[in-house]
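Here are two versions of the same chain, shown separately as structure tokens and labelled structure 1 and structure 2.
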Structure 1
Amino acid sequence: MDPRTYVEKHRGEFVAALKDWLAIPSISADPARSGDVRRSADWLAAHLADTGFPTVEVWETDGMPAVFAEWPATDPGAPTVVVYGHHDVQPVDPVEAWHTDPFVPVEQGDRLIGRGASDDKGQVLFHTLGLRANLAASGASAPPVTVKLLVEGEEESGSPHFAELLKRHRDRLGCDVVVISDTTMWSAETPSMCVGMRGLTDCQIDVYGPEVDLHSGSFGGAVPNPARVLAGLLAGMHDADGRIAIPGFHDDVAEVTAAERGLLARLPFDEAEWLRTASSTAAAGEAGYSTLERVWVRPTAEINGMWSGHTGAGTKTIVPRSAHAKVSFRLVPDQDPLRVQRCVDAYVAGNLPEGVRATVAFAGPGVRPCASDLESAAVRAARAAMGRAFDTEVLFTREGGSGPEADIADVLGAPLVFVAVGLDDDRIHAPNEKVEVPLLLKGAESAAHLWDELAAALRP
């Protein structure tokens, strides 16, 4: 049976399994949900065993567990592939903005709605369907490459223990290529492969002034106001051209090449449509760059949250004692998160007036940016597999988001290829996350072809 027929025949079973998994609220950022993240890992492990993986293990970390599975190729000389995904999900706030319960998955036509439907449970799960389709097509009892799945449980919390996990299990994870399924395509009509992701580091800035909230009549105007100092720090992170103004921040930024700019320009980008997806009435960003370039090949400094003083109803005429912000930085090759952290530390420390102190706490070591070589065998093979599934030419994109991919490539010493079918309007990290089920099926079909293409391309 050809992969397309197999995949379409098993759609009902696939969606039912995914709904089961989506019902588990595996929010890794919420300590109260740690039991659910573990339940999610156990669910996946059981599903992988059912799929036929001879080896399935739940790998503990100092945080939430990951799931590992391995299915050796029939041919011991065949290449080995590691597939990366994650089984934890984003928080659901503001929960009142959801039209359905985020953890009661609902089908509406071809859409499946629920937290994690696209990011990333749906995209992990298409691999099990794809592998079954590959076996059904070949009639073999094992895939043409050794397939190893590594599905972590803390991606939405910045993967704080993932690098350690990779190092600990480095011997089990030996491979020739890493397949990442945690990104998006250009569109349902224009399938594409991601060839780069931005890195990330994020921090909380806490600014302190007088030791207590002060009456703004008795003291206002003559003591430092930490909220004003914080506003100044935040506003000063960009210059008038929208370029990040933190000294040293740009030192390692690799300017995008003319060749890559040309490739990006081939994408049928509809800015008006993109803005509708963003629910924004205007684009904004660094002068001299297109919207796609701003999102994919330029770094950012983004305020994710801030708070200070009186935030309730009515008025309270105080000078607040402290002010706080959460700021994340998206990084591009060849920025190093730790070096960027030092720049941010120095920037904050260097811009505090007398009477004000501040701390900058980074959530972790950060995530390094990554990029694939467009001319590599692995990228060519993956592009061919997706082309067969989608019956059309596959273009290249990058991702503005971040994952631990650079660490994977680094620790495992293997190149990355991105095979994923999410869409930018899937509302990942937002209320009413959804996935297009037909695209998940194309993902499964791509995965089914991928093992043959990689076996041929990477055979020594």
Structure 2
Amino acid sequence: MDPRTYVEKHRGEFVAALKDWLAIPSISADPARSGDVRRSADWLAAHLADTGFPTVEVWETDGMPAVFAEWPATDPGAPTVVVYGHHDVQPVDPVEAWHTDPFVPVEQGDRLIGRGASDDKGQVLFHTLGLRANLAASGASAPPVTVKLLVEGEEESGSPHFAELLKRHRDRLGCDVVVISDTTMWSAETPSMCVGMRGLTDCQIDVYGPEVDLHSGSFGGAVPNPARVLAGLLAGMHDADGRIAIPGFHDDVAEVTAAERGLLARLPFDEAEWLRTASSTAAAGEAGYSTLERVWVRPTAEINGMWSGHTGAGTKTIVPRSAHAKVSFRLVPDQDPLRVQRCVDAYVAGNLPEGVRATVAFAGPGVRPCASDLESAAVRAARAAMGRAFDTEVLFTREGGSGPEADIADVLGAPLVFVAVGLDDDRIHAPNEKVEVPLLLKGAESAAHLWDELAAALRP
């Protein structure tokens, strides 16, 4: 039986299983739901065992558990593939904005609504259907590559224990390529592969001047004003062309190639529609780059919030004692978050007038950017697999968001390939999250072809 026929034939049981899993409120950010996150891991482990994986284990961390499964290829010389995803989900607030119960999955035509439907339970689960479809098509008892699944339980909480988990089990996770199924496509009509994600580091800048708020009539214009100093620091982070002006910030930026810029330009991007989605009336950003390039392949410095002095009703004519801002930086290959943090520290310290002090507190070590080699055998194999499932050419995209993918690639020493079928309008992280079931089935069909394509492409 060919993979497409097998996938379509088993649609009903696949959707039923996914609905069972979605009913578990595995919100890793909510301590009250820790038992549910563990229950989600146990559910997945049982499902993988039922699928046929000979090895299934729940791996403990100092936080929430991950699930590991392995199905060896019959040929010991076959390539090994790790599939990464996560089984935890975002909180559901504001719950009153949901049209249905977030954890009572509802089918509306081809659409399945529920928290985690797209991000990431649906995209994890299509691999089990795809693997069964591959075996049904080949008549074999094992896949043509060794398949390992690693499904973490804290991705939506920043993966605080994931890097340590990877290092602890590095030997068990040895592989030739890592498949990521936690991203989106351009659209249902234009299937695409993500080939890169930006990194992230963020901080709070606190600027201090006088020991107390001062009367602006008696002291204004004669002592440093922390709010003015902070405004200057923030404004100075960009030059007149919208390029980040922090010294050293761009030293390691990998410029996007002309070939990739050409590939991105092939996407059917409608800027007017994009602006409507952004609830904005104009595009802005670094000169010389398109809107897509600005959100995918260029670094950013964004002021997330700022406050100082009197912000209540009426007037209070003061020189405030302090001013504060939260700033986030999206990073691109080959930027290192820790080096960027040092650049920001030096920029702030080097631009303070006498009588003012400042602190810069970063939330953590940050998230590193990642990218796939478009010409690699693994990317070509994955693109071919998706093309067979969708019956059309698969284009390339990037994503402006961030995740633990760079840690996976570095610790395991393997390249990344993104095979995912989510959509930007799936409302992930928002009320009424949904997934298009036909796309999940295309994901399963892509996975069924992927193992054959990778076996041929990566065999020594």
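Under this definition, the rigid core comprises the largest set of C-alpha atoms superposing within 1.5 Å between the forms. Residue positions are counted from 1 along structure 1's sequence. Nothing here was measured: the structure is a model prediction, and the numbers come from that model.
Enquirer: So which is the form predicted together with another copy of the chain here, 1 or 2?
Expert: Looking at both copies of the chain, structure 1 is the one that matches the description.
Enquirer: Just checking, between structures 1 and 2 and with the core aligned, does Ser280 shift 2 Å or more at the CA?
Expert: Passes the 2 Å threshold, so yes.
Enquirer: Would you say Pro210 moves between structures 1 and 2, meaning its CA shifts by 2 Å or more once the core is fitted?
Expert: After core superposition, the displacement of the Pro210 C-alpha between structures 1 and 2 reaches the 2 Å mark, so yes.
Enquirer: Taking the rigid core as reference, does the Cα of Asp110 move 2 Å or more between structures 1 and 2?
Expert: After core superposition, the C-alpha of Asp110 moves less than 2 Å between structures 1 and 2.
Enquirer: Given the rigid core as reference frame, how large is the C-alpha shift of Lys316 between structures 1 and 2? Answer in angstrom.
Expert: Residue shift at the C-alpha: 14.0 Å.
Enquirer: For Asp251, what C-alpha shift in Å is seen between structures 1 and 2 once the core is overlaid?
Expert: Core-aligned C-alpha shift comes out at 5.0 Å.
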